[in-house]
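The data below hold one chain only, encoded as structure tokens and taken in the form predicted on its own.
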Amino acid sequence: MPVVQTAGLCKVFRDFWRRPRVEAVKDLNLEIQPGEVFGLLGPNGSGKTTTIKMLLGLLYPTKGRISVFGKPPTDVAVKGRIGFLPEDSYLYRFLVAHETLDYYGRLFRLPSRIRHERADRLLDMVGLRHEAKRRIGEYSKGMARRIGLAQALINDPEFLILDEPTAGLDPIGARQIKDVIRELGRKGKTILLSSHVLADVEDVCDRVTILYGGQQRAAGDIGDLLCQHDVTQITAPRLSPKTVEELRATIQRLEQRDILTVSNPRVKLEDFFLKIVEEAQAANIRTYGARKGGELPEFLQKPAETTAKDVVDSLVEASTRRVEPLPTREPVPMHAPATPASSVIEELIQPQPVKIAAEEPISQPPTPSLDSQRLRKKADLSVIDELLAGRGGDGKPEA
């Protein structure tokens, strides 16, 4: 069964009035086989990112059918089998590299031991072991792409989607990423690679599809698409000018054609650049950037699928494994000897007798006599008269 299969896939973006505005993908038919490194090419606006988002279930197709592992891409079980590196790595800039990988491992509900082991292996693979204690916000764009690739592999995915994986990387990092992609393809991983760097796709992909305007313009094996059948190339050790002239005359006599060009082959600029860098590393010249990556982690080298025999073997091994008994602890006596602390606690929790004092009669204020009440009333009236003496008849103060 193909890992990815689409039939008549279309995606139309509409405006506020539901009128068709942009036809991003039109009648796209894709088929990606297991263990294949598949390239998705096209200029800006050709529908590559829209296609990837529909494969991830982030966008719904307007028309057509799409399946991933034989199921709709919105199925939650399918998402656990996919690893995704977006074009822009959305990472938490205040976390260090190890915390970032641990966080994404928790999203896939990986046990703590497996998360830590995989984080160490992946950081070593992408060359960030010595920079694992730095915050992601301090990373360069190339280093962020490296940690982005590590987080895409933390769940050991069967299907890996890479959108511009070498963007922002120096030639060393680009070569390391391509080596990782080739190695993953040899281990049976299915990979979808979308890139503008055609040399990267040419180096690692088995088949490609070229999009333009949302439509598929070319598709097939990359070797067949790039082969020039009307030209024959002969590679030989260095020849003398006399030999070259004799070959030219022979071809002219036999084929009635002339040799087009005779020149020395050139190495790729990438290979020459890496040679210079390796010489600098051999001289122990210090650098603060990412370093040479390590080998592919062991958990990524396992087959993608688990057979029934593997399940039975693991169950048999678990049943025959000797289980160590738990250490026994001595029983604690019911009545432990009293200690100073325990005696204080017992004294605190013991009910204490409450002493109640004898009730005393509440003394009442003496009742004023009739003469004192008359004197107090006259005093109050005299105070009121004095206050009103300073105001006129209308209640306003007199001048």
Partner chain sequence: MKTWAVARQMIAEGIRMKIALVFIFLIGMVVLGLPFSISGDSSLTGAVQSFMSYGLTTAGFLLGMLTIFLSRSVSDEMVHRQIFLVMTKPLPRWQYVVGKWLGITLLNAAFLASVGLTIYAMIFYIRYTHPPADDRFDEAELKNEVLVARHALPFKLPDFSQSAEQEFQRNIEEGVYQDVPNFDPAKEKDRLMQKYNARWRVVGPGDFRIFEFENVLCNRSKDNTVQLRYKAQVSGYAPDEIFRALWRFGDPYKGTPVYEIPVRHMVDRFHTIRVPADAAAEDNTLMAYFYNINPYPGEPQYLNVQEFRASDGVEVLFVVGTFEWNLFRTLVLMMCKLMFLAAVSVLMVIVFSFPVACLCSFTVYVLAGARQFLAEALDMSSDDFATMFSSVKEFFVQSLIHIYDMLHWVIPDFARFDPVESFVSGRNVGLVWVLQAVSELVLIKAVIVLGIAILLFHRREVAELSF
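Residue numbers count along the first chain shown, from 1. Just so you know, these numbers come straight off a predicted model, no measurement behind them.
Just so you know, the form predicted in complex with the partner chain exists too; it's not on screen, but the next bit is about it.
Pick the stretch from 251-259, 231-239, 77-85, 202-210 whose residues have a heavy atom within 4.5 Å of the partner chain in the predicted bound form.
-> Single hit among the candidates: 77-85.
Using a 4.5 Å cut on heavy atoms, which of R113, R109, K71, K141 is close to the partner chain in the predicted bound form?
-> Contact residue from the list: R109.
Residue (of R182, R135, H196, H130) lying close to the partner chain in the predicted bound form, criterion heavy atoms within 4.5 Å = Here the answer is residue option R135.
Taking 4.5 angstroms as the cut-off for heavy atoms, does F159 touch the partner chain in the predicted bound form?
-> Taking the distances in the predicted bound form, the answer for F159 is no, it never comes within 4.5 Å of the partner chain.
Any chance Q151 has a heavy atom within 4.5 Å of the partner chain in the predicted bound form?
-> So Q151 counts as contacting the partner chain.
Does L59 reach the partner chain in the predicted bound form if we count a contact as any heavy atom within 4.5 Å?
-> Result yes; L59 sits at the interface with the partner chain in the predicted bound form.
Can you check whether L300 is within 4.5 Å of the partner chain in the predicted bound form, heavy atom basis?
-> Heavy-atom contact with the partner chain at 4.5 Å: absent for L300.
Which residues within 235-254 place at least one heavy atom within 4.5 Å of the partner chain in the predicted bound form?
-> Counting only heavy atoms within 4.5 Å of the partner chain in the predicted bound form, no residue of 235-254 makes contact.
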